[in-house]
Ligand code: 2HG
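There is one chain below, alone, in structure tokens, taken in the form predicted on its own.
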């Protein structure tokens, strides 16, 4: 046994664990493709203790996997090879809200929902709105550059990041940026950590820019004959004097699953291959019936429903928000890709043609939904009941080869939201070229010369 483990246990006491249940729970994320095999889990109390732990692990050559809310789907927070899991659960500091500057400084272990609750009395929020906001943590939001439901209007987590406190594997505490809105004094290292998946340094605290809470909103559910019609609808709406908060898409196949799962009545009397869920602000500035009439007359929309009140809006949103849970019984193989919005019609046509040509005797069912306003689609392949897990995994590996090649042909990304982690590492070359990968590896070596921090994630050195 590495002697560093005994030193860690002596220093941390009950905040060091080798309990098998703790190892299983904190050693993995929502990904189930890799078995967690950490050596121990530790729960530091503050940044200083994080620095001490990392310095000790560096001295004893112990690899470390940072762990937040563990809601990722790329195995970026999975410890598979005897690493120390560094849980940030205890870093839950919620700083005062700076109303003049509209900023707040919080600990990396603060849950997204807890932050929003902290800000709501001031009429503010951090506009990274996630389905997993009850458990996803701010440190993880930043480390994966999370997006969520409102990227179309607000952008990703990095767009609302002003500064971080972070600790390198050597135990050095870095103060990168802060509450300054303007600071052009060199490299924006805090931004480099956004999306780094915990491979460069451990974020322990963040200073975040804030936005006013959204005003009154209007929700529409629209039926469309094709993905091209969905994009045409988005283009048409962007030409109107409205502020679009969200523009989501899902297939008829997804709607059927939600209907069976929840027992809800269908939201529209007609069916369509695709549905767009639109939310926009300031409905007082226009006649919503005029908007819907214009969409129907244009031919890109065949039917639609307008939310009449907040409860109706919530019911319409359930058709999008409950897709994931409705698919869970089929152990879906999840893919999270993005292509330029303008390329979505051509990509959608190629995707459907490819699905129809699957070489299996019975094509695997695929549920497609996502945030079409930013070109991000979630492609969920469902396991047939009679298929073993092993057979399904092999089929999905083959399908991924084809799918990611198709994404690359449309100049897209193999990962829109959850990162690369271990899951998508074999296909990273489709998204990043050789020269770019060389720079990324050089950056990793500069921050973590021993390669001990979240080793093996994104790429191999």
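Residue numbers count along the first chain shown, from 1. These numbers come from a predicted model, not from an experiment.
Keep in mind the form predicted in complex with ligand 2HG is missing from the figure; the text below concerns it.
This chain lacks the partner; the member of 334, 102, 315, 90 within 4.5 angstroms of ligand 2HG in the model of the complex by a non-hydrogen atom is 334.
When you look in the model of the complex, the only residue of 165, 233, 324, 219 with a non-hydrogen atom within 4.5 Å of ligand 2HG is 324. Contact check for 70, 133 and 156: none of the three has a heavy atom within 4.5 Å of ligand 2HG in the model of the complex. Of the heavy atoms in residue 383, none are within 4.5 Å of ligand 2HG in the model of the complex.
Although the partner is absent from this view, residue 424 stays clear of ligand 2HG in the model of the complex, with no non-hydrogen atom inside 4.5 angstroms. For residue 371, a non-hydrogen atom is located within 4.5 Å of ligand 2HG in the model of the complex, even though that partner is not displayed. For the chain shown alone, residue 118 is not a contact residue for ligand 2HG in the model of the complex, no non-hydrogen atom being within 4.5 angstroms.
Exactly one of the stretches 253-261, 178-186, 375-383, 303-311 approaches ligand 2HG in the model of the complex with heavy atoms within 4.5 Å, and it is 375-383.
Residues of 238-275 are not found to place any heavy atom within 4.5 Å of ligand 2HG in the model of the complex.
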